[in-house]
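Let's start with one chain on its own, the form predicted alone, as structure tokens.
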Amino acid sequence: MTITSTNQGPVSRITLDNPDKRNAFDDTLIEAMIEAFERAGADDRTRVILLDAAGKHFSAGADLNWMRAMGELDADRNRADARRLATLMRTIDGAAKPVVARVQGAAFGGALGLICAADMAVAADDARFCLSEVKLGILPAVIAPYVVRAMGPRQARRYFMTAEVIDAPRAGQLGLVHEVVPAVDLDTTVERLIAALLDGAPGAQRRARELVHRADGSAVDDAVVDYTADLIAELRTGAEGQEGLSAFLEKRAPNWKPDRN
């Protein structure tokens, strides 16, 4: 099982549920999440969608064996696969109900897209974040519209290029998450946010996201989705992408990394 979905009164809880693989996602999980978010959004009983993860880590990002396999597909199938990930991010970003992300442990690569597409995020103080794609010869293309919106273009340039690990306090400063709290307080903080959301008018909350997108020009339109999906499809079939993914899976240094011995 890749995800579980439960209803707890007015809260629909969507849980990444493959802790043995650190909740890494592939095409199966992507499809399951799209379906779960659409179902929760259409459920009249649901007022808030909670996105969380089972186990020690939120998500290691994309499963690299799946990524390498996608890079070996023909151009049309590769592009179609990339667009499904873009559809997932857009589905979360445009969900019919407010989305709260609860984050613990590692949140790497595409996991930051899930977090930044959510309306608000709370992280444990020992959580770690990383936009690690450049080390694999690719880029966080599909998630970029949401991550750049959260942290701003200047900071995005740095972390897209360096793949530095970002600790939880720094993630809070950058705007990747709204609150950083001790792990023991994570659930109570999430519950407090949900309670605040339940006190608001649901119709106005649905329009709030639209208002913000229009006010700051951050709406992700079809042209942006097409560009980002086409970019990652191109990069993961290219020489650097194939070398980076192979090097990681073979536990060796990629050919562009300097020898510091």
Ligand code: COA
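If you're wondering where the values come from, they're calculated on a predicted model, not measured in any experiment. Throughout, we count residues from 1 along the sequence that is shown.
Below, we turn to the form predicted in complex with coenzyme A, even though it does not appear here.
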Note which of S218, N65, Q205, T28 lies within 4.5 Å of coenzyme A in the predicted complex, where distance is taken over heavy atoms; exactly one does. N65
Is S132 near coenzyme A? Define near as a heavy atom within 4.5 Å, in the predicted complex. yes
Heavy atom to heavy atom, is F108 within 4.5 Å of coenzyme A in the predicted complex? yes
I'd like to know whether A60 contacts coenzyme A in the predicted complex, with contact meaning heavy atoms within 4.5 angstroms. yes
Quick one: does R45 come within 4.5 Å of coenzyme A in the predicted complex, counting heavy atoms only? no
Thinking of coenzyme A in the predicted complex, which stretch from 183-191, 92-100, 118-126, 132-140 has heavy atoms inside 4.5 Å of it? 132-140
